[in-house]
Ligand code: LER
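The chain below stands alone and is given as structure tokens, in the form predicted alone.
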Amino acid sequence: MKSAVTVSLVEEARGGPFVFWGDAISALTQAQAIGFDAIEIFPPDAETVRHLFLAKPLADHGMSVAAVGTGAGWVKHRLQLADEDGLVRQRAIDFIRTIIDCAAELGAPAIIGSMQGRSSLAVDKGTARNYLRDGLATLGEHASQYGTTLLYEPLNRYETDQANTIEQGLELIRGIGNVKLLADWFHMNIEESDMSASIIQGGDRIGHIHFADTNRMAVGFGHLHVPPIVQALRQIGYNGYLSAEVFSKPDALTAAEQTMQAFHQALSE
């Protein structure tokens, strides 16, 4: 398993659960110095990523991009895949396509989390899920041309009613090609009765991990019991990233250093 840390370039998301903010090159430098294998980027749009010209800095630092998030599609542009308006749904798909394209240039998958949307007075739960499934199928096929995987993230009940657990995520993506689940420990702590059992149930459909404690702080700053979860990841043969999508509290450097300490401890037990 490999380590990653998040960097957000989305000003509208300021205060959200990302360790580094605003400067990807600085984040890359700090992450490498602390010992991370990769950064996970949350950009406002695809062109922002391209204008960073990250290929050389990544190579110089011996680092990778673990994933690229699409959350700005909702936070900044108010686009989501379950919108009642078909034109808005198409704009959401088009936005995610551009993120998939730029992520693939860096050898990384794209994440669909908040852009999945939810049901509303205008869109019942079944219809919302069908809209989401249609979007995931289209976007998973788009990602397949690059040999990358699309990551779908079940969120807790306060953020979506599409899929809240690994089991529900598996059901939602059943029959859809080239889509894997992102298992976020913060959301799982809220929704799962047994996080380890859920990881095992997810098996090889789990493609990415958000490494966060119960309070969305760096692992070790909450009360999550980590060893059995890591043991479950080993049982399913997971060899991807444990990526810190956590608050930069008490500050970014401390959160990053605590994450790295927790990462090493988790893999040594």
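Predicted model only: the values in this text are computed from it and were never measured. We number the residues from 1 along the sequence you see.
A second form of this protein, the form predicted together with L-Erythrulose (LER), is not displayed here; the remarks below concern that form.
- Query: L-Erythrulose (LER) in the predicted complex: within 4.5 Å of a heavy atom of each of S114, E153 and H187?
  - Reply: Yes, the whole trio is in contact, each within 4.5 Å by some heavy atom.
- Report the stretch among 153 to 161, 100 to 108, 77 to 85, 171 to 179 that approaches L-Erythrulose (LER) in the predicted complex to within 4.5 Å, counting heavy atoms only. Only one stretch passes the 4.5 Å heavy-atom test: 153 to 161.
- Item | Partner contact for R50 in the predicted complex: L-Erythrulose (LER), 4.5 angstroms, heavy atom | Judged by the heavy-atom cut-off of 4.5 Å, R50 is well away from L-Erythrulose (LER) in the predicted complex.
- Task: Verify the contact flag for R216: yes if a non-hydrogen atom of it lies within 4.5 Å of a non-hydrogen atom of L-Erythrulose (LER) in the predicted complex, no if not.
- Result: Because a heavy atom of R216 falls inside 4.5 Å of L-Erythrulose (LER) in the predicted complex, the answer is yes.
- Item | Contacts with L-Erythrulose (LER) in the predicted complex, stretch 241 to 260 (heavy atom within 4.5 Å) | Residue within 4.5 Å: E245, and no other.
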